[in-house]
Every structure is written in C-alpha cells, then in structure tokens.
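Take a look at this single chain in structure tokens; it is the form predicted alone.
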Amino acid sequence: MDQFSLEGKVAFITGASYGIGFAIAKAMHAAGARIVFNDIKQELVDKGLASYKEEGIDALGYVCDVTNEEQVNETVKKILGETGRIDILVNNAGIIKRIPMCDMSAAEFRQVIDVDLNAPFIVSKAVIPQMIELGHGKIINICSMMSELGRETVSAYAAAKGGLKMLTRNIASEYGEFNIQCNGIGPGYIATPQTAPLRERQPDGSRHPFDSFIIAKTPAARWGSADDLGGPAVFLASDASNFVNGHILYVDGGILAYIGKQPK
C-alpha cells in the first residue's frame, strides 16, 4: 500500500477552510501529507486553522485571492520558503451563482469564470515550474458534473467547469513529459454549506423539490458527503496514479451513468 502514501509530500489546497477542500485536506493528512491552504479573508483562514487544530492537523494558512496573479505568486513564494516544495496542488476554491442566464449580468458571469476557471490557471502556472524542478507533481482540479451537463440557472458555473475540464487535459498534455499528472475530480451533489439551501425541509416537512429530484436521479439514493471525495483525492495525489493523466474522476453516486427512474 506504499504507493498510496503521501508521506513527506506538501499539499497546497486552495479555499480549504471548510467543505470539500477541508475534507480532502484531512484525507491527505491522514495519508502523510503536510497541509497548506489559503482563503480570501483572514477570518476564514483563522477559522480554518482552528478547525485543522481540532483535527490534530498542523496546517499552514495564508490569505490570498486566487484570482490575483500577484498575490498568488507571492503566496507560492511564501509556501516554498516555509516548506521547500509543493508536491500536490488542489484547485478547490470556487463559487456558484444560481441566476437564470438572461437575468445574470456580464459582471456576475465574469466573476464566476474568474474564480472557477482563471484562478486554477493562475495557481497552476505559479506552481508548475517548481514541480518541474522537483521532477514530479500532482495537480487536481475540482471540476463538477456541470463539466458534462447543463442545468437551468448555472450557465456561468457550467461554462467555467467545462473549461476547467479542458484546462485539466491541456495541462496534462503540456507537462506530462515532466512527470506532472493533472487530473480532475467531478463531485456529484455533495452535502456542504453551499448546497444546504437545496436540502432545506419545506414548511410542511416535505423535502425540497430539488432534494427529491437529486435523490431520484442518484443510484446511491443519497447526497454525497465531503468525506466521499477523500479517497479519490488521495489516489490522484499518490504514486498509485502515476500513469493517470488528463482524466476526470466523477464522484457522483452514479448520476452520470443513470437515465433515471421511469415515472409511475
């Protein structure tokens, strides 16, 4: 099982104060990695550091706006100064705006593209040169089922995540010869604070209509938990995936494989 070990590796996970990023960080720490993360505000970094401490994880946290190339380059320099290396990068930071396309402003659309697509480009570009120097590297982009599917109200998010899928494949194509593997994880519907409004019980105690829809569309018949992403992330960060490159691993309970139940 040594090929799944992350012992001695440094993992930089963006936006990992809570939610999916935090769960991935916990799994990578359990596999032996040293954890480094960022968030956009000091209060979020402080909350993240407190959460890591509760888990017994001695993480390093930085305030950094991942859409700001100057801040990213400075943060990467600080990380390298403190840890000496970044073996694993997880581009996890992201936002979603659930707005019908014709009601969405161009500025709102650009903001989602900036955080969900431009930022992974900026952070990857900052980290790849030292991965080349190390002679290895793992980049994991947090994609989405919306990398494959469309749905009402998420035009910007789907556009960004579709682009991130292709950025993943292009990084694999361009830097695979340097022993750098770039893959994506496409979470299904995960129970996080971001999706909490979609799972709220109605005044009469019934499920939210979207909650019912997701349960019916998922062969696993449940929402995923953030912890469901830990194992796939460790695999893609470890030597066990050294010949896996440009792949999107969908962790969705089977939604993309399923046509859905026949109406009664």
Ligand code: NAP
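Just so it is clear, the model here is predicted, and its values are computed rather than measured. Note that residue numbering begins at 1 and tracks the sequence as displayed.
What comes next is about the form predicted together with this ligand, which does not appear here.
Taking a 4.5 Å heavy atom cutoff to this ligand in the predicted bound form, the contact residue among I180, V115, A126, L167 is V115. The listed set A27, L236, V36, V66 contains one residue whose heavy atoms approach this ligand in the predicted bound form to within 4.5 Å, identified as V66.
Heavy atoms within 4.5 Å of this ligand in the predicted bound form are found in exactly one of 168-176, 77-85, 126-134, 139-147, that being 139-147.
Although the partner is absent here, G184 lies well away from this ligand in the predicted bound form, with no heavy atom inside 4.5 Å.
Heavy atoms of I190 reach within 4.5 Å of this ligand in the predicted bound form, making it an interface residue. Mapping the unseen interface onto this chain, A156 falls outside it, with no heavy atom inside 4.5 Å of this ligand in the predicted bound form.
Taking the partner from elsewhere, G19 is found to have a heavy atom lying within 4.5 Å of this ligand in the predicted bound form. For the partner-free chain shown, N92, A93, G94, I95 of 75-113 come within 4.5 angstroms of this ligand in the predicted bound form, judged by any non-hydrogen atom.
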